[in-house]
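In structure tokens, the next block holds one chain alone, the form predicted alone.
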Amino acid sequence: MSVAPVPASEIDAFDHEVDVLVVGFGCAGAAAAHAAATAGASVTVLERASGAGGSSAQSGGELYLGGGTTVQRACGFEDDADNMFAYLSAALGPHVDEEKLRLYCEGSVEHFEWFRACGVTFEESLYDAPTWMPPTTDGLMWLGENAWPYNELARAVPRGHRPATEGWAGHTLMTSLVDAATAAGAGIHTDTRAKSLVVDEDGAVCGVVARRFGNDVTYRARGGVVLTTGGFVDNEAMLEHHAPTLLGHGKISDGLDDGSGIAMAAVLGAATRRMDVVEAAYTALPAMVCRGMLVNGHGARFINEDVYPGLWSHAALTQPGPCWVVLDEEGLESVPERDLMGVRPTHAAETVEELEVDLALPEGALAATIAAYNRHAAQRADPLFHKDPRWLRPLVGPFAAVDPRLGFFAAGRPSAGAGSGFAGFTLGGLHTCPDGRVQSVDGTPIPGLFAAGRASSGMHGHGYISGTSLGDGTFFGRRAGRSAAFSGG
């Protein structure tokens, strides 16, 4: 299907006309629609699926927020924008977008209150253990702030805010955001796939041609079009061109992150940014990893295992593989049942030498790694990787190993990471100003065109922390929606 722009002069009469047209109804689209509607604009959201939610609804629902929210204060933590910026600039780096990141940190408390005004509820309690997703309704979680080296760069304060839902909470979050957007007056046209942007005689974007049930439908947007169509992890050709790191791995998406919004803008001369940057999650279990060790295919440790799981995932992605989770019987038995997520050891051995053989590791490599680890752990130290003493103790046989390539299991079915053990999504996209305006390759804004969420390149550099996709998407989605509303509506 061609994504070439359509001249407005070729359209005799538009089927629909509004002030702001939002393409995609995930978290960024909902935020943009809500902001534009509350600013007084008429708003229509086009959603290619049969209902709203997108990849956001299938996410964990974490929101990276801080600066001193009521949940943080209720849990006994003091935070501020500068402290938040210090952590994120390191964890999302190198090469963060400092202007966007600074705005995000300074506006974080207000953004938290916006979520609450939209109906999202947060319990004032902390889940105090490494995890991908708390099995509780706790409203706050650590996302690596208390692990080395970040606890030396900024004061350790948890900022993972979670809707009051056990486990994955993306659906809870999106229900509230969709309800808020529609209550504010935004209309939604489902089963409607945008295929081309419409441009006027001056080159300004003024609408969209979409496809619905086999027919073309035209939309005019007086203020602008906001692209919130997601990333491009589901487009193999785009991955091969821009982010081949994810080729052959699982995909974290709703299956519709095909880069269509990026492509529609690119043919108009829109600039892209950080198209090679990805997030990849290794389906190892944090509750096991922190109680033992993560070793590569040479039997060596390569990171402190108590750090945010996304960070050891990225490290594992570049290691000689496969990487294994190794722990002893005491460590395994200390994992709370609710944190096991259906994961069980794939190998067991009385001695480390036997385990080396089972895992096809170089002779003596794992034994040397465990011996060095135990020698320092007996002194509550980890001079190589600075793992927190909370998780340090000598590992004593019998030993167990888990193969993360099998993924997590739910109802007997493997997760998206099964196969390589990795699943991910893209972070690069259209180059936007902080107000959401899409930039052209010559550095000037394309009139009438805005973007937010994973269709754009947000505040991230080459790092990632959970909650910064939903946080970034909604924060800059709101800014894009307001900008479009005041651009001619």
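Predicted model only: the values in this text are computed from it and were never measured. Residue numbers run from 1 along the displayed sequence.
Missing here is the form predicted in complex with a small molecule; even so, the following discussion is about that form.
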| item | value |
| --- | --- |
| Every residue of Gly207, Thr218 and Ser487 near the small molecule in the predicted complex, heavy atom within 4.5 Å | no |
| In the predicted complex, Ala37 touching the small molecule (heavy atom, 4.5 Å) | no |
| Residue contact check: Phe475 to the small molecule in the predicted complex, 4.5 Å heavy atom | no |
| The small molecule contact in the predicted complex: Gly453, any heavy atom under 4.5 Å | yes |
| Any non-hydrogen atom of Gly54 within 4.5 angstroms of the small molecule in the predicted complex | yes |
| Listed residue (Met264, Ala280, Val71, Val295) with a non-hydrogen atom within 4.5 angstroms of the small molecule in the predicted complex | Met264 |
| Contact residue in the predicted complex, chosen from Cys27, Val43, Leu65, Leu449 - any heavy atom within 4.5 Å of the small molecule | Cys27 |
| In the predicted complex, segment of 246-254, 388-396, 285-293, 151-159 with a heavy atom within 4.5 Å of the small molecule | 246-254 |
